[in-house]
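Next up: just one chain, as structure tokens, the form predicted on its own.
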Amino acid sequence: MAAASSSDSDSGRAESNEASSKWLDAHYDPMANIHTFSSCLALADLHGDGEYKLVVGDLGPGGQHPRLKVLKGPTVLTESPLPALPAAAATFLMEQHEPRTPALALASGPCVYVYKNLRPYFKFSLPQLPPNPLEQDLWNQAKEDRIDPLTLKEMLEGIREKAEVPLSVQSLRFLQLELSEMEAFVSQHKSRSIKRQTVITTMTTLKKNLADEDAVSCLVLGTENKELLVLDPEAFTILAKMSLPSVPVFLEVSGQFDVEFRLAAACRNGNVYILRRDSKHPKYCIELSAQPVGLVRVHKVLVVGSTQESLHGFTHKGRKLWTVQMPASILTMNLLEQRSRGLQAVMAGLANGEVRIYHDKALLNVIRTPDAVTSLCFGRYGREDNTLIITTRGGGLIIKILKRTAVFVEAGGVVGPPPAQAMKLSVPRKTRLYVDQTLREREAGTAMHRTFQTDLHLLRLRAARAYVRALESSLNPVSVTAREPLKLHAVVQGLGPTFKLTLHLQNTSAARPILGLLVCFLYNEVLYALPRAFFKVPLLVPGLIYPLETFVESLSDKGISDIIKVLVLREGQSAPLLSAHINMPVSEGLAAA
């Protein structure tokens, strides 16, 4: 009975959690064998039948055997091998002709493979870079048998360490060979021309001339050569080329290429650079305190995830808006856009298996998964508008559907402006005095400002003169000379007529002791009497505070007090090193008597 009741309670708790959740669990396959990132996921109606498919650039287990997979529901529709590891996947419209089916672009190595109706359509290759002239000369000498392979290796290693232009793939492969394999490699490749090729690191799409959802888009590529390229959607020629100080790894764009656009690129040097249509170089720079792990644009805010387990919000001009700390490391990020409610939020997949959804810095929802999340994608899948695709580190696939009745709520209420913003303020009416004062300030504003500036400068001058007098007469309790760095602090204890006066003297130098100091008291002999008005100070060790005690006898019975001056002097010098004025309290013992 106890076991039955516990199982009933567990099932009831699971049903209640599912009922309170905003998501429906559509599919979970821990053995789906999908290893990818958010940049390699895309959702699109590839056949124009209203059925949206999931495009996956799969890296394969351990980065081996990369493949292009297209999923329909939970099953793999097509699968084809890739020549290199995928860097990004995107779907875009190439032309205005009917039927308007989107094309699929997959960036892999130095090429962009374009598919239409899941068939190869076009292959764009990055333009070759000029080789290193020293490297070219060495291979020309090897071609004419003027240098041996060992000498070739030594000189190539020297070029690799010092030259700004990196070596070609052929030279890098040669440097990895054993001594016995070098001669055969040189004889096989010495007649080939040196080619230096860069690779694609990131890719996204940019609308060409219209902001509509079904408008023609351009491809924007980020390369290992620290460049950004904008490709024509029909001819696949380079429309624009922009340079960056570092290699881009994440891209976010807004606007249209023919009108105006902004492009944000998170780079490997830990900075986010923002470019505009007319700029060939970055216009703004956002310096991060750690490496970026994701970049998402939510309306006009750039949300950047960093390796310090935090999300940061910036404007397009680089001004920091907010920071949110995460409970674990951020592994991936993507945009959640619920168009039926006009909501845009950022999704962050964490190493502890959580997917956190934020609207600005307000937490909207937390989804817990059985493994660490490696990629996220939200959009229309199949015939459901709001579907969340999650892949995990072990290769699992999770598909969740947002309930149609789900409403994301912040900590204080529904997403949107606070209710107090709609309340009218009871602004008081303008009085006659206020109107007269406003007219006076408007007419005599220049004279009032000049008077204020004059008084301010006089105040600063008097303060500076008083400070100089204090330094010259050693009236301050801290020494300003480098030879005798001292600090003095006095404490008076007692009710009277006898007071205990304690002086705390400290040598603030780093390593040099001070010797030969004297302490002198100046006071009104009619009011006070001191048993020791002048005495020597022992050796002051650096860093220690020395308490010097004496007693003060109040002689007046009229309930009055005065100032006692304390001077610290050097033997043989008349000017004090520092001084302190002690305001003595009224003797309560004599006043009571």
Partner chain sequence: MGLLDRLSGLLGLKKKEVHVLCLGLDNSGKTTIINKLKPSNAQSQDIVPTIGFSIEKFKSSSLSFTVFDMSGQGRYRNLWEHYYKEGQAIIFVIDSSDRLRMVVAKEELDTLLNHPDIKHRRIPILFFANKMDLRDAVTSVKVSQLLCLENIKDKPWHICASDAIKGEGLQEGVDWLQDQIQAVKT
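Numbering follows the first chain given and starts at 1. Remember, it's a predicted structure, so these values are computed and weren't measured experimentally.
Missing here is the form predicted in complex with its partner chain; even so, the following discussion is about that form.
Novice: Although its partner chain is absent from this view, report whether Glu384 comes within 4.5 Å of it in the predicted bound form, heavy atoms only.
Specialist: Taking the distances in the predicted bound form, the answer for Glu384 is yes, it comes within 4.5 Å of its partner chain.
Novice: Quick one: is Ala26 in contact with its partner chain in the predicted bound form, heavy atoms, 4.5 Å cut-off?
Specialist: Because a heavy atom of Ala26 falls inside 4.5 Å of its partner chain in the predicted bound form, the answer is yes.
Novice: Residue-level question: is Pro74 within 4.5 Å of its partner chain in the predicted bound form, judged on heavy atoms?
Specialist: Although its partner chain is absent here, Pro74 would touch it in the predicted bound form, with heavy atoms inside 4.5 Å.
Novice: Within 4.5 Å, heavy atoms only: does Ile399 come near its partner chain in the predicted bound form?
Specialist: Because a heavy atom of Ile399 falls inside 4.5 Å of its partner chain in the predicted bound form, the answer is yes.
Novice: In the predicted bound form, which of 401 to 409, 133 to 141, 230 to 238, 368 to 376 comes within 4.5 Å of its partner chain (heavy atoms)?
Specialist: Only one stretch passes the 4.5 Å heavy-atom test: 401 to 409.
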